[in-house]
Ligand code: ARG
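Below sits a lone chain in structure tokens, taken as the form predicted alone.
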């Protein structure tokens, strides 16, 4: 049974190839299809295409279907093409011809588009919430360990003193920038395409402003062709946001893997949060962060996959766009999973507070001692040469004190300022 059927069914092999796993993916859109349909028929009633009593009975039955969906009991029957068909057929079975009226002034193109927009808007809110939670965890750890020094590196060589407060705080602020990208994707997503029909509007006097208000979209896709063109473009914008967060998270996962190894020994986790070796009894492997790093690297490829899928499509709807769900739906779930797992692991992280007692880290303080001499009146080049000669001759003895006070340094992390930035951005998702 298909909404577009004219009495001739397609070849079964053709149908299986073109539908793919779309029916399974569509189940995630079911509740949004009902919500979009309720807004659409409320608008139809307001312009005289439905009677008040017809609207009331349609809304009641659509809400009944929504309850079935929310209980997890909704299924697409054998032979029914997709969720849109299933919901309309369920209404028709219950109400007869009244159920057939919900599609007036609407194409499956803008019906799918509004479902996707509503779904992706919620997914972006979930991602924002998970990102904000991880941000809070990193900031809390930054404050907790703001006075605990650790080595800083450039070129993977011992460079200058850092602190765990600085390290945790750096990733917290990086997530603020990622949230700005997510906010941009949210703004692109949060525009109403309903009423664009198949991409060229309708001869019915549709009130598109009304459906925009009912569905709480931030704005409209005004041009009906532009509305259809937003499919693919919206997903691409979301993929860039996913990639930004995944890049930060993957980078952090790499740091943790490195800092857990015995050559560093900066951080550790309880045994039950690590894995072992089948042959080496001493091993405690950072498998969680290795899997996280791998998943985040894969997530950064999503934007390229979407770009290639949509790069050379002609104007209007093309069936290729169906494959976007195969790419994006698992990606949002995977990113949220990684964010939540990182937050969970960081609840149990153990920090080595005595790293700098090892003499191999003495050279971290050469710049501190050069600067100390400069502050006492010695020209910088002379101070640099003096300390350099001490190092080369094996005579250097570090002072091992740090006095950084400028904005964003070890002694002035400005976590409150960074929290304000995140608070301002996060509020837009609520």
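Only a predicted model underlies this, so the values are computations on that prediction, with no experimental measurement involved. Numbering follows the first chain given and starts at 1.
Below: the form predicted in complex with arginine, not depicted.
State the residue from 171, 317, 289, 217 whose non-hydrogen atoms include one within 4.5 Å of arginine in the predicted bound form.
It is 317.
Here the chain is shown alone; which of 132, 178, 82, 123 has a heavy atom within 4.5 Å of arginine in the predicted bound form?
The option sitting close enough to the partner is 82.
Contact label in the predicted bound form: residue 325 to arginine, heavy atom within 4.5 Å
Heavy-atom contact with arginine at 4.5 Å: present for residue 325.
Does arginine come within 4.5 Å of any heavy atom of residue 112 in the predicted bound form?
Close contact exists here: in the predicted bound form, residue 112 approaches arginine to within 4.5 Å, heavy atoms only.
Test of understanding: in the predicted bound form, would residue 221 fall inside 4.5 Å of arginine by heavy atoms?
Residue-level check for residue 221: no, no contact with arginine.
Wondering, does residue 251 line up within 4.5 Å of arginine in the predicted bound form on heavy atoms?
No.
Quick one: find which of 103-111, 185-193, 70-78, 90-98 has residues within 4.5 Å of arginine in the predicted bound form by heavy atom distance.
Result for this chain: 103-111.
Which residues in 386-421 have a heavy atom within 4.5 Å of arginine in the predicted bound form?
Contacting residues: none.
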